[in-house]
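A single chain, nothing else alongside it, follows as structure tokens in the form predicted alone.
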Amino acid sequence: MRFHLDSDQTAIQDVVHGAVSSVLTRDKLHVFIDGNDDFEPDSWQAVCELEMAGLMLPEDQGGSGLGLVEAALVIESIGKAGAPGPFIGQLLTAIALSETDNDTARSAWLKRVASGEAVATFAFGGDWLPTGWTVSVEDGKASGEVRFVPSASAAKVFLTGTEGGGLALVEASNAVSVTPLKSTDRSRPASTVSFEEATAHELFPPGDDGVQRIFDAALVLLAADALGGAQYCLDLSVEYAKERKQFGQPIGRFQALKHQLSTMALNVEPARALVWYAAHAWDMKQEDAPRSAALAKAHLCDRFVEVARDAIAAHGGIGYTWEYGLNIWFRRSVFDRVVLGSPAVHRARAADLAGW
């Protein structure tokens, strides 16, 4: 099978990255990570103005009628820019509202989420797999606690997993409390969210195929974010190797650094096809879609950590400084690796799905 991006898909990447980079300069990103906010409005608005939040919705629902492949390209561009914001949660919530049979939830929230007017974030937690989710929903009320929720203070709705493996949409209100966490990833500050009889809409009951489908989409999008971040670290390292001079010549001419940069490139480029295929399999509802999503999440998140560490080493002393900023992407790689399950969790899941 031959698979490559067409001109429209490439344009999506270029437009999103250009729009985010123009409003989120390195200095502005540093100001954000040094502050106490968990939401950056300018980069959020830049993406929403491009109508990316409703990218995967059918055209008759006001969307673009595109798929997870295109959504992954958007998230890859956002990851490359290191942008804050719950972009993955926004896309997942739009998909879930589009595919649910709950007409009340759809009519109340789909349009607002698809336009970006209402910020949505994902709140899964538990053992990171649907069978371990702990939020209870009864008579339209949600109770429970979820950790590592991005941009929780700005969210109007939370896409959360429920006991037994269901999926619900919980509305922000006085019945929802947010406690900031000291998370490693300063570009996407996370919180612990507690629901105390908060208004909730059940989107998919426990055991519904739609739950696993949304969860697999989340894994693919996290893999895409990792791909974008790893690509940024590689690009920055190559440019630095061309400009930095020692002994009268660019350090990129030194054989040891050449080998290191080559290893980084080999970690990034072959992994790109794994993300594309996982997204394609999800779009086509192929039998191997869940396993492909698990493999993409496991492999890309491992590679992101490795490439980010190698990028810091390739820069020498300056790579370790707070001001230079490589730590932003290294910390982001740690979050991507852990959230929704470690690589070991998903490799074991992939093995189970393969019948090994």
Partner chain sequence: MDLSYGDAAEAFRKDVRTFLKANWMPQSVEKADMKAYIAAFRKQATEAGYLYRAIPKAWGGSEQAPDVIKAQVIREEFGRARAPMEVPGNGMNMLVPTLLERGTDEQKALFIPKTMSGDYIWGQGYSEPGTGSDLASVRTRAELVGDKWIINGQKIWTSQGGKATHMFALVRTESDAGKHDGISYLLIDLDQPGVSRKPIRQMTGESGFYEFFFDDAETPASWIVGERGQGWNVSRTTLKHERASIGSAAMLGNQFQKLVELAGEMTRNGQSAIKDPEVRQALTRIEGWVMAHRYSSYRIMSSAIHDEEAGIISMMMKLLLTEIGHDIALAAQDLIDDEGLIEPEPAGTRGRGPEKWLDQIMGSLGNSIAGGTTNIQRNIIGERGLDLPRDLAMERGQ
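This structure is a prediction, so every number in the text was calculated from the model and none was measured. Numbering follows the first chain given and starts at 1.
There is also a form predicted in complex with the partner chain; it is not shown, and the following applies to it.
Just one of 104, 249, 179, 173 comes within 4.5 Å of the partner chain in the predicted bound form, counting any heavy atom, and that one is 249.
None of 213, 201, 280, 80 but one reaches within 4.5 angstroms of the partner chain in the predicted bound form through a heavy atom, and that residue is 280.
Each of 5, 261 and 270 places at least one heavy atom within 4.5 Å of the partner chain in the predicted bound form. When the partner chain is considered in the predicted bound form, residue 43 lies well away from it, no heavy atom lying within 4.5 Å. Contact annotation for residue 242: at least one heavy atom lies within 4.5 Å of the partner chain in the predicted bound form.
At the 4.5 Å threshold, heavy atoms of residue 236 stay clear of the partner chain in the predicted bound form, well away from it. The partner chain is not shown here, and in the predicted bound form it never comes within 4.5 Å of any heavy atom of residue 110. Segments offered: 28-36, 317-325, 294-302, 57-65. Contacting the partner chain in the predicted bound form at heavy atom distances within 4.5 Å is 294-302. Contact residues in stretch 170-195 (any heavy atom within 4.5 Å of the partner chain, taken in the predicted bound form) are absent; none meets the cut-off.
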